[in-house]
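This document starts with one chain, in the form predicted on its own, laid out as structure tokens.
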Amino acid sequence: MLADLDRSTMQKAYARWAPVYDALCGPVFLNARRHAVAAARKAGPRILEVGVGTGLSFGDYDERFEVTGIDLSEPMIARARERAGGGRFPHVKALEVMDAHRLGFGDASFDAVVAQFVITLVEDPERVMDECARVLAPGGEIILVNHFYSERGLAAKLEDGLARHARPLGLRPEFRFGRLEAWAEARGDIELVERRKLPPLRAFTLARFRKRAS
């Protein structure tokens, strides 16, 4: 298992991705993104999107929601602001360049925190999850959609082989979901309420962690 990714690698990678992200990644992530947004819509109206990217999910929400988006990449946020320009998505309330390790929001500010294809790419995944839990209201949910390590078989061997070469591209195929399960168990106030592979190819997983109300 390789070490966690560093901030500068991610900033460089996603500065390169920003101009082509919508065309290349939009169709690939479309189904998984919509599953994540559907879960967030059930959790409550105040939504924080961590790693909002270019704002591909804006159109999946409506006026019943208040969406705040953050991203470490300035070029990505610039593209998101262009997408939201002209009042096209009035439910998008704020878009900020921000490090998910140090969220600039008060405790219990959101009903759902959505992180799409993010948690495997940060310097300290457990620290980011702690921050997501801090800004989450009791009863709210952290909603992740991501590819996680296959653990066994040919897919796992392929992911192991690609791991080191994928890093400069801002990818991490060998991240084990068990780290997030261990994080939730250690905290005690967070429970894993859903984990499922998404169709059609089952390459991505949706995971929902709920903050206990008490």
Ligand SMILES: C[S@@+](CC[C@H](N)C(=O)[O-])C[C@H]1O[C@@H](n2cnc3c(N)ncnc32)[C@H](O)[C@@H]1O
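Numbering starts at 1 and runs along the sequence shown. Because the structure is a prediction, the values reported are computed rather than measured.
The same protein has a further form, the form predicted in complex with this ligand, not shown here; the description that follows concerns it.
- Residues 73, 117 and 121 are all found to lie within 4.5 Å of this ligand in the predicted bound form, as judged by heavy atom distances.
- Of the candidates 136, 100, 80, 92, 100 is the one whose heavy atoms come within 4.5 Å of this ligand in the predicted bound form; the others do not.
- In plain terms, the part of the chain that comes close to this ligand in the predicted bound form, with a heavy atom within 4.5 Å, is 121 to 129 out of 104 to 112, 136 to 144, 84 to 92, 121 to 129.
- Residue contact with this ligand in the predicted bound form: residue 51 places a heavy atom within 4.5 Å of it.
- Although the partner is absent here, residue 204 lies well away from this ligand in the predicted bound form, with no heavy atom inside 4.5 Å.
- Within this chain, residue 33 lines the site of this ligand in the predicted bound form, having a heavy atom no more than 4.5 Å away.
- Using a 4.5 Å cutoff between non-hydrogen atoms, residue 56 counts as a contact of this ligand in the predicted bound form.
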